Structures are given as structure tokens and as C-alpha cells.
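A single chain, nothing else alongside it, follows as C-alpha cells in the form predicted on its own.
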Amino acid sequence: MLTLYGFLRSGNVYKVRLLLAQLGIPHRRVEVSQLADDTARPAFRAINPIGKVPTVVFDDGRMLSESGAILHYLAAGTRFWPADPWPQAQVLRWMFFEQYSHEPAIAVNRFLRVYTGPDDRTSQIEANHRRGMHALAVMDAHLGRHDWFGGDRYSIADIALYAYTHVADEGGFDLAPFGNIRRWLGHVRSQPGHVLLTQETSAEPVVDLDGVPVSTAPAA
């Protein structure tokens, strides 16, 4: 069974959990939290020297990290990855947009506002907010002409963008002005096999890097 290392509320980990659920692929999860500096522990660095989550380890011992790479590997040959080169390129275009124009603003502000205490990073939050609102406006304009990102059907581009967009309010981003995005979020939630961010999807009890069972958050 595939082993997924990561934090339950991580958006990047959620991308992988959502696709695994929609593909019907069982996995076990090992709790690795950036908040507890688990990613810096030697036990984890022995698995992934880069020290980032999500990280997946397959039954044959192969390790794969970076959420986009994992999504692409799992989606290849399925309905979540187009067959033709042009829509494939469009899926990748939006996934790169998510990593470079969307996540650095929206996900980072979520982290700063939810997981860190008051500090002197107000200017960073404000700058990220401007960039994040621009990214959301780009998405909303696209969705005014298309139902999905990257093609004419739901794909890993939508999964990648959904993960942090649907919790953008936690980062201080008001989605009220973006009616097309709000409609798209509803379409994503209606896809077969959809699971919630805080919905535990591990097929076995979750443990930490030491093998100690950990409690998981209830579905919300």
C-alpha cells in the first residue's frame, strides 16, 4: 500500500489525498508536520532528503515528492490527465500558475494568519494579498469562458488550484466578488469521490515518524 507522508491540513498534501480518493487508491498516512519541524528530522530526511511534504513511498520503495509530480504520475492514463498534447500543456500551464502565481500568495497568507502568531510581517501579508487577488481575478476571468482549467473536463489542474482556493478565506481572501470561482468550487465539490480537507482518508490508523498513533481531526 502506498504510504503518504504529510500534515492533514496541508493543501499540498490534500491535493494528493483528493486524487487518491477519486482514483480509489488506498493509502496509509504518516503524520509529518512542518509545524512540529518533523520535516527536518533525520528520520524524514532519510526518506526525502529535500525535507518536504507531500512525499509518497510506493510498495517497491520508490519515493516521489512535489505535489505536481505526484499528481501527474498518479493521473497518467486516467480521466484526470488528457490524452492529447495541447490540453496536456494547458493542464501543466495552470499547475505551474498555481505553484508560482497562486500558492506563494494565497497559501502563504493562510499559513501566516492561521499557524503563526502576531509578528512584524504585515507588509508581507499585504503584498501577498495584492498578488493573491490578482491571481484570483485571472482565474475568475478564465472561468467566465471555460468550465474547467486546462481542458474541457475536470483534471489535476482543477485539483491543484482547488486545494488552496477553497480555503482562501483563511488567508484573508474574500471570494464574494469572484462568482465564477465560487461556481467552479461547487462543481469540484460535486465530483465523484470528493473528500474534505480535514476528512481523514488513511486506510490504516495514522502514526507519526516514530510509529506512535496520532489522533486526526474530524471531518468538517
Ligand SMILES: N[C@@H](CCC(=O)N[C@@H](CS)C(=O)NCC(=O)O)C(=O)O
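On a predicted model such as this, the values are computed, not experimentally measured, just so you know. Position 1 is the first residue in the sequence shown; the rest follow in order.
Unshown form predicted together with this ligand; subsequent notes refer to it.
With this ligand left out of view, the stretch that reaches within 4.5 Å of it through heavy atoms in the predicted complex is, among 22-30, 150-158, 66-74, 189-197, 66-74. Interface residue remark: residue 182 is not counted as part of the site for this ligand in the predicted complex, having no heavy atom within 4.5 Å. When this ligand is considered in the predicted complex, residue 99 lines it closely, a heavy atom lying within 4.5 Å.
This ligand is not drawn, but in the predicted complex it has no heavy atom within 4.5 Å of residue 56. Although the partner is absent here, residue 51 is a contact residue: one of its heavy atoms lies within 4.5 angstroms of this ligand in the predicted complex. Taking a 4.5 Å heavy atom cutoff to this ligand in the predicted complex, the one contacting residue in 133-170 is 164.
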